[in-house]
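We give structure tokens for two forms of one protein chain below, kept apart as structure 1 and structure 2.
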Structure 1
């Protein structure tokens, strides 16, 4: 069976950008920016993206594109040895992350319906927060929306690379950018917009600390969906003659632009109502719905915002499922329909404990798995703090030290010797060291 390919270069860029753009851009980046000095953090983040995000992005595209294989098959093809364990780690990451990511994706569906029907018009702040608490403790509701979200992802992936993933990217990503632009324009009308501009674009470098530098490196790495095999998988569907440099830079640019635009959307609202973002993703559901309603045109802003979040969650979720599905198609000879349905159902079932761990089942919600974390938070900690950074470190080492000569023969290295030498240097020495520091930081060792 001939391996599927992207129908166009634009299709790959939009799909890969969709993989990178997710809930972290719309929630975690604004939170990290606020917590680490605003514009000073953004400056360091951009530098970290050049030193960490872009080289590893190119490395993952190269691994996929040069082999036209899933993460495991790609490592086996490039260097038949134990390195394919990194491919296994990427596939396991996609499987684990999607199981709980789909639960949060289900939350976005529910809140889109709530804001669309004006359910919060008669509520105050305490009632909106209480509504979120009641919702996450409603086991049946959690399972229902988790199921619907997984059904949507499976429905896209089962259609294939061109008719499913690429078409979804071509539809959802432009709509995501349009909605985000509309919301930024509406945020301009708030009284807190000028304060937001000062905070985001007039750097105070005295606020740069060791912690903010490490946080910026971690945010750059996680924001681009690196270390989980998604970019390797999407790169494997590229045509052999397509360049890597421009595509990688374009994907990084889109991801960064969405993150900064999210700040331009959220900060004016928070500054207007004198609120601070917090580390919990719950702020998207317990605070913002009411703030939208207090704004001019809020009855429109609320549904638009959650539609935006749905699109971001969907495009990322699709890439996570495709990582695992591609392995079973390539290595086990399954057809796409069988692989998508079987793997989709397995991930859906694994999502049950995450869906119910916040109160759906009292015995489950009371259990502690890793430290004091419930099942949902334990999976997030396992994936974000260990699986992804470890995968990223070894991908950088593999491409920088093991297959650097093969990179020189690829299209992105031809006629770009100077650029090639810089990228290989970063992959050999800089990127793995910086990601290792991130690993030490997120695990509490540093």
Structure 2
């Protein structure tokens, strides 16, 4: 059977944006910004995205597009040597990330139901916050919602590239953007808006810490879906001979916009209601119900918003699963149905300890795995701070040093020489070196 392809270029851009825009932007970025001092984090994040994220985005699209293969097959085709180990690392990352990602995806399902039934209407702000706390400690509910979320992802991936993934991106991405805009406009009108603008954008370089640099780099990889071959896989469904610069810039721009908009929507609420710093991983969930309570039409927009967060999470989760599935289809000759179901089940099971580690099972939530982190946080740390950056370094080195000529021929229009030189320079020297320094730091060597 012929390998599948996107219907159109726009279909690719929206699907890749669908992969990039997800819980990383709406849930993770705001709480990392919060725990790393606001504007300082946003500043290093933007820097990391331009110097590391954008070039690697191009590198991944190129690797996929020029080979039409899954991450492992793609490296094997471009260069028959040990490079395909990067592909393996990517497949492992897909497994790890989706297992806990789906747990948070489950939270969005539950918040959709809660806002739909008006459960928050009678609550005050303490109750809204403690509602999140008791929900994550409810083991049964955690497993249930995680299971439903995995089901939905498996359902989309089974439908295939055009009928499942591309269609989902085309419908959901534009809607998400519009709703976000409405919410930002609402948040602007709260009294905490001015304070949050200062907090988010007034440069305060003294607040830059090693931790914010490390986390911003990992977050940039995570948010842009880089370092594990998700974009390689999506690139592999592109038609040949299309320049990729504009696509890459569009996806990166869109993803960054959504992350910043998420902050513009959440922080004014945080300041207006003087919510406690311990909002951390619950920040998205314990602030928004308050916004919906205050705004006219909130009773409609509330569920609508969570529906869109669900969609954002789904289109990202789909890309995580698709990486692993495409490998089993291309290299092992499985059909799509078998690959999707078998792998979906395996990831579902791996998600259990994450689902139960935020309080569901007390003995498990008391257990520390990496440093002070519980199981859920340890997987996120392992993936975002290690697996994705390591994958990213090698992808950059591979494209910058080994196949850079091919990139020029395949993916850059003739009049883009200057841009090409900059990108190759970044891929050769800047991105690998920066990521490497960050890794040395994570290990405590630096």
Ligand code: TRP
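All of these numbers come straight from a predicted model, not from anything done at the bench. Think of the rigid core as the biggest set of C-alphas that the two forms share within 1.5 Å after superposition. Positions refer to the first chain, counted from 1.
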{"query": "Panel number for the form predicted alone", "finding": "1"}
{"query": "Cα displacement of residue 41 between structures 1 and 2 reaching 2 Å, rigid core superposed", "finding": "yes"}
{"query": "C-alpha of residue 29 off by 2 Å or more between structures 1 and 2 on rigid core", "finding": "yes"}
{"query": "Post core alignment: residue 207 C-alpha displaced by 2 Å or more between structures 1 and 2", "finding": "yes"}
{"query": "Per-residue C-alpha deviation between structures 1 and 2 [residue 219; rigid core superposition; Å]", "finding": "3.9"}
